[in-house]
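Just the one chain here, the form predicted on its own, laid out as structure tokens.
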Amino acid sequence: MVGAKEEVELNRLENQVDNGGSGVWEYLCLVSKLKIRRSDKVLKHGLSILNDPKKRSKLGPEEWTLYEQVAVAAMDCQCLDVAKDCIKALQKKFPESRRVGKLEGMLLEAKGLWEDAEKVYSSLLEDSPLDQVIHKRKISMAKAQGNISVAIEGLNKYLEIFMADHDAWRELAEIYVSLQLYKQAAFCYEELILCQPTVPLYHLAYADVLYTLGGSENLQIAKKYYAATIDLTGGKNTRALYGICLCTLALGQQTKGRNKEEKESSELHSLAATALEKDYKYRASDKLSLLTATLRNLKLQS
């Protein structure tokens, strides 16, 4: 995730180079370091260096890093001839490189030559079966073709080997949610919370899945994870506050007559409702009356 200071510096450099100022190489390096996609900018400014022999020669060995960066940007922008030229330059310099081989596969993907790309990736995996990037490319290729079952199978096999890859767990969870396979998605979010217990997004997503599954036990657990999200975000997550309210309503319908549970739920939803009102007063005062009416309809306000 890009930090506030890094984003400010990135925007400053981008504005500077877009207006013909210096710092093009510094800008391209920062884009690469932060692992963000500004493909149109990278293509434009990267080519301005590669097409100028004097500027290119000043880069030294970093020239080849720029060729790779521009090749990927060109594929994103569907400038496939530019990507092909960059890859050719890299092939000439590094004829047996697996890294260049990945770019060849990506170019075939960009052209829609799925079978040829599959052959390239399979060949690369024979030499390096633990190459995470190539495994992920195959999974992405399956998704691009709409073969979701193949993508799920690929992700599950991948996670058997690379169990600590939280990005893969999250992707698998999102696929399961899109297919309404909520129990499987819940398992993925449990793994994510174990790997990164301080990331509020995972607590929130897990709570959403449990709320969707329903049932008294799931709702009680969902409420706890909504509360954890609120705690991790300093009380500023509106979705989690709503989640507390909705869980309380659903549980109230299932636990009538159980005084202790009703009392605990009443205290929690009152705190959530108060926090929502405070948030709306500060950020969207014109919608405060709508919120109040909504909470009253949910029997969460008097």
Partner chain sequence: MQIKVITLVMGGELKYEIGQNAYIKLVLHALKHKASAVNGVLIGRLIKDEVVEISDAVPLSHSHIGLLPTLEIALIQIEEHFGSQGLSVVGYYHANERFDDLELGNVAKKIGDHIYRYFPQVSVLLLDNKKLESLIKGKDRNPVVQSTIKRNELCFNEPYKGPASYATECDRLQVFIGTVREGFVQPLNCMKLEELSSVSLSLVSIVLYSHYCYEVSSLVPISSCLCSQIFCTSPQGPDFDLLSCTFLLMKQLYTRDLSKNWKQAGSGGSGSLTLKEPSANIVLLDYIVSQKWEGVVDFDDHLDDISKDWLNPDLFK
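Basically, rigid core = biggest C-alpha set you can superpose within 1.5 Å across the two forms. Residue numbers count along the first chain shown, from 1. Keep in mind it's a predicted model, so treat the numbers as computed, not measured.
There is another form of this protein, the form predicted in complex with its partner chain, and it is not shown here; the text below is about that form.
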Would residue 67 count as touching its partner chain in the model of the complex under a 4.5 Å heavy atom rule?
no
Contact between residue 12 and its partner chain in the model of the complex at 4.5 Å, heavy atoms?
no
If you check in the model of the complex, is residue 211 within 4.5 Å of its partner chain, heavy atoms only?
yes
So, residue 268 and its partner chain: in the model of the complex, are they within 4.5 Å at any heavy atom pair?
no
Contact residue in the model of the complex, from 199, 195, 161, 144 (heavy atom within 4.5 Å of its partner chain):
144
Which pick from 48, 274, 238, 32 sits with a heavy atom within 4.5 Å of its partner chain in the model of the complex?
238
Where does its partner chain sit in the model of the complex: which of 92-100, 171-179, 123-131, 149-157, heavy atoms within 4.5 Å?
171-179
Using the arrangement in the model of the complex, list in sequence order the residues of 270-284 with any heavy atom within 4.5 angstroms of its partner chain.
279, 280, 283, 284
Please say whether, between the shown form and the other one, the C-alpha of residue 11 moves by 2 Å or more once the core is aligned.
yes
Could you check whether the CA atom of residue 277 moves 2 Å or more between the shown form and the other one, using the rigid core for the fit?
no
Can we say the CA of residue 36 moves by at least 2 Å between the shown form and the other one when the core is superposed?
yes
